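Below you will find one chain, with nothing else, as structure tokens; this is the form predicted alone, and questions on how it binds or moves follow later.
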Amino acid sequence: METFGKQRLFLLLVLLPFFLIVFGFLLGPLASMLKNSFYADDGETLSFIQYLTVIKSNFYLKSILNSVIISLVSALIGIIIAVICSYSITRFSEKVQDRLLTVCNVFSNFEGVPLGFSAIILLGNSGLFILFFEMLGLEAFAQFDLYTWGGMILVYVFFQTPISILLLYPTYYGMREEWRESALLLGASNASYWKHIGIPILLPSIVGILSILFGNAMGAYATAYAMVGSTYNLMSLQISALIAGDVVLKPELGSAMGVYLAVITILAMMINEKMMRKVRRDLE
């Protein structure tokens, strides 16, 4: 009994750094954000004024709408590309697959300021590819404007796609080739196999990854800030401007915006969980 108690104490001591990190970087800031969101601008009076300000302001509502749209569109495009690329990767030998997954792993960590800076160098107004297209006379590509919604979505898709490939690939890897061969031997066409077997197996994973991509894009800040600064009305940029901006600081209002961002992300996860349960129930 005494030995068991020492083991539990040892395990708690081993986990202590983990609990400190969770509290210091997750629970502590979350509690501070919730507390500040219920204060007025003077930082002393308890009030719901910050939440009401966000709801009544067309400017802040527009930032929420813009973030939802760009997150949803980039997530959908990213998952479509991932479905195709993940399947393509499984068609190669295991050695090539390992190398391609390593490349995806590297690119999945290439985001934030480095990604935004690279996009400006390659596709900015005087970017390398833009100048190259001009030299070739390809005006349609040379007139591409990185600092538009199309450019923003392109960059978002770039950091969404490798993550979705890495998440979706294990599902493809778990689909045995014998299943397809058996279906074909029983007279099913390739399209029938994907309709009745392949897609139903993939669908729960696709739905789950879609919500992860949505939440990832909603919280993206550094990439957007490196590209457009504060000129675009996105939720993450407005939160940063309110908490650490150069013009007007309103940390209480920024905290309320942060709470709205957390609520939207949690709602997306809940909707995703409900959809996954429905998909799994329909498959049974």
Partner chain sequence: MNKEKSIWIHKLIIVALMIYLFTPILGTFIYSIAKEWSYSVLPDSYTFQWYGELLQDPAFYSALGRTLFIVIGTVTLSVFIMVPTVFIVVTFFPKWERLLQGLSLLRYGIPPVVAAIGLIQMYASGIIPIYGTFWILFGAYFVLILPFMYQGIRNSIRTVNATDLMESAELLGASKVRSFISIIFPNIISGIIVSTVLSVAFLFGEFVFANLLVGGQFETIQILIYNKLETNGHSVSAIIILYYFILLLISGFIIKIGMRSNKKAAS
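Residue numbers count along the first chain shown, from 1. This one's a predicted model, so the numbers in the text were calculated from it and none came from an experiment. Think of the rigid core as the biggest set of C-alphas that the two forms share within 1.5 Å after superposition.
Not pictured, yet referred to below: the form predicted in complex with its partner chain.
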Can you tell me which of 192-200, 142-150, 67-75, 120-128 lies within 4.5 Å of its partner chain in the model of the complex, counting heavy atoms only? 120-128
Distance check, K278 to its partner chain in the model of the complex, heavy atom within 4.5 Å: no
Verify the contact flag for S47: yes if a non-hydrogen atom of it lies within 4.5 Å of a non-hydrogen atom of its partner chain in the model of the complex, no if not. no
Using the partner position in the model of the complex, report whether G174 sits within 4.5 Å of its partner chain, counting heavy atoms only. no
Taking the shortest heavy atom distance, is Y232 within 4.5 Å of its partner chain in the model of the complex? no
Applying a 4.5 angstroms cut-off on non-hydrogen atoms, the residues of 230-251 near its partner chain in the model of the complex are S236, I239, S240, I243, A244, P251
C-alpha of A268 moved at least 2 Å between the shown form and the other one on rigid core: yes
Between S108 and N272, do the C-alpha atoms lie closer or farther in the model of the complex than in the shown form, with a difference of 3 angstroms or more? closer
Once you account for a change of 3 Å or more, let me know if E273 and N105 sit closer or farther in the model of the complex, using their C-alpha atoms. closer
